[in-house]
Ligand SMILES: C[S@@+](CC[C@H](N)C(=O)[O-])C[C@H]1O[C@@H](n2cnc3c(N)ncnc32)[C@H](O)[C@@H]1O
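Form predicted on its own, single chain, as structure tokens, below.
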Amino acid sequence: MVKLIWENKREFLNNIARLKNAFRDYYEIINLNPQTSQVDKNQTWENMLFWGDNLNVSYYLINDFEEKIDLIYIDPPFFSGSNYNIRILEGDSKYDSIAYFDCWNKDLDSYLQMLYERIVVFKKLLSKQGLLFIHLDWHASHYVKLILDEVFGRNRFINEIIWYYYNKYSAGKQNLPRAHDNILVYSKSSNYTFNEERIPRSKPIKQLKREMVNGVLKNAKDENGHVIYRTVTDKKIDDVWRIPCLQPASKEWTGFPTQKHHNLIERIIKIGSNEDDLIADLFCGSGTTLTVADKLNRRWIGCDNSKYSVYLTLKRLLENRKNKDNHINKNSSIELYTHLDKNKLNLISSGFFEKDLKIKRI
């Protein structure tokens, strides 16, 4: 099998047991808002949001969640060569910060090593029926696919989904507008969850009825040998998804630079999981995956290293749970975990997570 080799590629499978033990007691629950823990006395699950490095969090999770996560979606850095800036408005004051680092100084080797280590550990966390969805674009998806083939095996490749975002403006003059991302899908085993999703057609169409005969799909015929037609109003989803980029006018808009459309994430979760399954997004950004999982009655684990990501995610989750129109499983609380150091203690003591911040992409 073809393998992808880069300078100073480090194999670390033999170290996972040691790292699993080293991070066993590394994280603790931080009580920020009593609303996160107000649940029915028969509560059976606590949703987990981690504030920290997702590789260390993954080692921590292996202790209790090895082969227990049913779907992992990640939207990691794309190797774009850019950092994503935000402006934070707090009352009458404002300041700028970086929401998301994706500048690698053209060091592709470091980028690939970063993803390789995480993919190896994510595979250990996936259940036997689990799927990994990894969201990329043209910068590095071709490299990452080879890594996934190596870690999961070529026979575990399920799909390459093309997300066609037709409403994104492009100012490029020397190439065709880049209007899609690539979402690679791999399974843990041959017995994986995969639900058929259908979307409505713009108008009903007349279509030949088909049936399986001795393993071959053929036109269905009546007793007189005439082909049978039917009228259809929907169609099975294929691997090209026409879903717009999220726009600032949307009520779901948070200002986070890499926020994905909730309809995109909802489709992924519905295809790759069932109610009460356990979902993980370990590059959770503004929390779209966790918010959608909450609405769809999935249990979830989220993680991000950015304080602004954690702030936005908690804010969205709590606001959605206040909305009476959202049919969310009230028997699940939200717990924030982190490894407390001096900087985090000072930030929490300052009331950062209780502030009313407005975040804008710049």
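One rule holds for the numbers: they count along the sequence shown, beginning at 1. Keep in mind the model is a prediction, meaning the values are calculated, not measured.
Another form, the form predicted together with this ligand, is not on view; read the next lines as being about it.
Per the 4.5 Å heavy atom criterion, this ligand in the predicted complex is contacted by stretch 253-261, the sole one of 172-180, 253-261, 204-212, 144-152. The partner is absent here; in the predicted complex, the one residue of 270, 118, 156, 139 having a heavy atom within 4.5 Å of this ligand is 118. For the residues 100, 186, 79, 163, the 4.5 Å heavy atom test against this ligand in the predicted complex is passed only by 100. Contact between residue 320 and this ligand in the predicted complex is not found at the 4.5 Å heavy atom cutoff. Using a 4.5 Å cutoff between non-hydrogen atoms, residue 293 does not count as a contact of this ligand in the predicted complex.
Not displayed here, this ligand is approached by residue 283 to within 4.5 Å at the level of heavy atoms in the predicted complex.
Within 4.5 Å of any heavy atom of this ligand in the predicted complex lies no heavy atom of residue 70. Residues of 283-307 lying near this ligand in the predicted complex, listed in sequence order, are 283, 284, 285, 286, 287, 288, 303, 304, 305, 306, the criterion being any heavy atom within 4.5 Å.
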